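Taking the form predicted on its own, here's one chain by itself in structure tokens.
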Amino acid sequence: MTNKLIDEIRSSLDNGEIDSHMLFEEAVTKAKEYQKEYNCFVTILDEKQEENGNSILRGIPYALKDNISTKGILTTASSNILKDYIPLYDATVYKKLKEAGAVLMGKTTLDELAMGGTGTTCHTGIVRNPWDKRRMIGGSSAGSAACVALGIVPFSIGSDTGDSIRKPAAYGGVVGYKPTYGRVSRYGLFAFASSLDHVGVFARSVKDVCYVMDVIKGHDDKDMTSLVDHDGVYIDNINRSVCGKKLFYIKEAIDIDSNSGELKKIIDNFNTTIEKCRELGMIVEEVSFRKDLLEAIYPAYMCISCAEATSNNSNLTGIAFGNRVDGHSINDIMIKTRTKGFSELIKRRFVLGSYVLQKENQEKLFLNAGRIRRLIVDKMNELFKNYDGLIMPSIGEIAPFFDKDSDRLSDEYLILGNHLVIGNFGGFPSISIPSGFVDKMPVSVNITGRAREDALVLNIANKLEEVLGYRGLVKENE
């Protein structure tokens, strides 16, 4: 039953065919059964929490990314330095879901401290793709994507700083939604890069994303960046006609000269999706975007995110909290704790962030990265004056094998592999939905819209999902 959509589960609960204890036990049983193969969870709960509220989510199990605070429940951010950390307070998103009656069944695995896009740097091991265990699910919200793709839970919560919800969703054949910046409170989310971080949702349909978003969105006095909710009820707006809506795609990201047969199939799938949009009465046009700006997305993102991460995680010293390593002085304790507590990838990112923030480098690196970000966001806002959204392939490849080397200098990587970061740069609402299969692996299309117009993005995505025919996609373990 946990592999069904929320409406179906709700109906079975209301009709007395099942109860919430049965659902919880089913989710936990599946999670334990799949854990060795896929490593979706850091923590699987043994006891069901009491239900409150009267929302459509009442009694329905879900999973929460393990960088979101849960009072009294282990919360590690998949890092050795926090492997025993138990928070003293609840994150707002978790509190809202509890008040709505949703039932937490586990905390999901992620790339360490949410820094990474592979699902391979978790302190408990790698996360595997349900469609092919030889492949990545992507990250950083690896476990949150995989547990929905496996049908363990109907929805999960993740975080997205560069593409950490939308890319794993694309690789896993599920829906991944990053809302407008501030639409969902970040209070209780372990900060990675505060100007880029978003809390969002994985589900198996756009409609289910709406059900969850209607519960978790809204202003929070504990998060000064959170938005007052003037966006209406999403579930009431998703079936509106999209006839006459205008979308654009970026010419330089699609017209890539490559010998990759896989990429060609993905572009063919995208072109088919565009035709589906036109059948719905939408206008889809090609626009040109400065290629040098597109190529600068990744380095600008690395400068900004690593600098902010270095600052945000400076408290992980082993002094106030964390797994302390003994030393003969405070400095010695901090050095040894951080050396032992962080993986090589994280240490490299902190070194890079420290370098970017050095006084002599700030103008050339950090401030210039910010200028690039502003140029990209200004260009997007200019386009949004004439268009309702950007539509693109979510990613320029199917889920890669674990031993695959990425060509970081190729256009596929620099442009088509990183365009999702634009949504974080501008705080734009952005959703990835399944659009078909290439070489027996799911592929996906992404829609990004104007800031604060989440309702329109979800409306367009829902109508497109209807004609694409991949709603409710789930990969059962064989």
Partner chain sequence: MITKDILKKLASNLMFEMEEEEYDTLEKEFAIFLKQMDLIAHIKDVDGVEPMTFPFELDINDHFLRSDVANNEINFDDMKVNVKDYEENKIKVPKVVE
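Numbering follows the first chain given and starts at 1. The structure displayed is predicted, hence computed values, not measured ones.
From this point on, the text means the form predicted in complex with its partner chain, which you will not see here.
Residue Val356 is the only one of Ala253, Val356, Ile216, Ile157 with a heavy atom lying within 4.5 Å of its partner chain in the model of the complex. Checking Phe342, Tyr94, Phe190, Tyr234 against its partner chain in the model of the complex, a heavy atom within 4.5 Å turns up for just one residue: Phe342. Looking at Gly426, you'd find a heavy atom of it within 4.5 angstroms of its partner chain in the model of the complex.
Under a 4.5 angstroms non-hydrogen atom cutoff, its partner chain in the model of the complex lacks Glu397 among its neighbouring residues. Though the partner is left out of this view, Leu280 does not reach within 4.5 Å of its partner chain in the model of the complex, counting heavy atoms only.
Although the partner is absent here, Gly370 sits close enough that one of its heavy atoms falls within 4.5 Å of its partner chain in the model of the complex. The chain is drawn here without its partner chain; in the model of the complex, the stretch among 140-148, 127-135, 318-326, 280-288 whose residues come within 4.5 Å of it by any heavy atom is 318-326. Taking a 4.5 Å heavy atom cutoff to its partner chain in the model of the complex, the contacting residues in 327-352 are Ser329, Ile330, Asn331, Ile333, Met334, Ile335, Arg338, Thr339, Phe342, Glu344, Lys347, Arg348, Phe350, Val351, Leu352.
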